[in-house]
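Take a look at the structure tokens below, where one protein chain is shown in two forms, each on its own, as structure 1 and structure 2.
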Structure 1
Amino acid sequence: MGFLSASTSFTRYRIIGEIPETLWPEIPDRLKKNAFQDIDHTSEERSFGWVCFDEMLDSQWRTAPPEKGEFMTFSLRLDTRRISAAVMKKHYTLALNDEMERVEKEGKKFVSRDRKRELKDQTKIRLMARSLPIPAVFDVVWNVRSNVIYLASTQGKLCSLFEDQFTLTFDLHLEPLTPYYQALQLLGESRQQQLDDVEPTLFV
């Protein structure tokens, strides 16, 4: 669910370190450089990258620019192909049976381990090419005044993917705004040791 939905879950981040002033005019080009690449006509298992906040099919920002007032907005699109284990097993078994027939005609009694691995890889590629990738989009809103960034997801793996892609694109590192960081902001660094010494309490 995105930020334009009635409700959504999100993760907040802050940027670690200073942001060079030269970065701001480069942001549209950097987004395009790391934009989503379509895999509909390939057998690739996964593809991810930035797309326009207003249109998930637009990876060149023709629909709308990323700048919206004091915010930079864009989305992380992730397309994934999935093959069920049952389908994979069925087609691998068929391929293996065909291979057994072939080797028996050559007077052999078994298929080597390397050949089985090769058959499994070939089966996976063939099935990948026949299945359509499933798209998912996760909105990103960057407040350029406070430099707080909002990602419309709380999934651990997705957050890690976003953090890596953000660093790759902008040469900036992110830190999640956890309750610990929020408490540190309120108390000040002079009381960090007291915060570190706090022990958790179980309420159930």
Structure 2
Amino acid sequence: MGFLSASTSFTRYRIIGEIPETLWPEIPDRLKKNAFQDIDHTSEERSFGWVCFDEMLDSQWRTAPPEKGEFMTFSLRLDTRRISAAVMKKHYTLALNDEMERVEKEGKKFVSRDRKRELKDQTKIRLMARSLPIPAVFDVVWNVRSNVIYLASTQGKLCSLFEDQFTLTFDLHLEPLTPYYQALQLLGESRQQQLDDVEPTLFV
């Protein structure tokens, strides 16, 4: 659920290092260069990239620009094709049975391991092409004054994907505001040693 929902789950980041002034006017173009590519008509397993904050079908920002007041807004869209294990098993068995019939006619008694792997891969591709990718969208809000960034997700894998895509797009590095990093920010880097040496408090 995004930031416009009544209830949101999110992770907070800050940008490490200086942001070059030249970056700001480039943001819309950089977003477009790393925009989401549709995979509906392919058999790709997944695709991800940026889309317009206001409209997940818009990867050209025709609906609205990313700027909203003091924020840069966009969303990370991730489409994934999933094939249920049961469906995969059934179609692989069918393919294997056909193959067995074929090799028996040739007088052989078994299907080689390499051929089995090949059949599995072919089955997967065939099923992928027949299944529709499931879309998911995660809001990103970047406060350009404080350079704090909010990602509407708390899932580890998605957070990693976002961090990589953000760095790839803007050439900037993110630091999640976890207790440690936030303590470094609030107390100052000079207290790092003290933080690194911290031991759990024994309350009882």
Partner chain sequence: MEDAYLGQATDIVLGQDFLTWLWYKSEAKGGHFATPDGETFAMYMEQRISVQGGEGDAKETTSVSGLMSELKEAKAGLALGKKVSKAQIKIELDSDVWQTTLKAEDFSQTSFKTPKVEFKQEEGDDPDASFLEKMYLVERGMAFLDAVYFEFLKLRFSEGWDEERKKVRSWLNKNGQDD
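Each residue is numbered by where it sits in the sequence of structure 1, with counting from 1. Between two forms, the rigid core is the largest collection of C-alphas that superpose within 1.5 Å. Worth saying up front: this structure is predicted, and the values here are computed from it rather than measured.
The form predicted alone appears here as structure 1. Taking the rigid core as fixed, one finds a CA shift for residue 181 of 2 Å or more between structure 1 and structure 2. Taking the rigid core as fixed, one finds a CA shift for residue 190 of 2 Å or more between structure 1 and structure 2.
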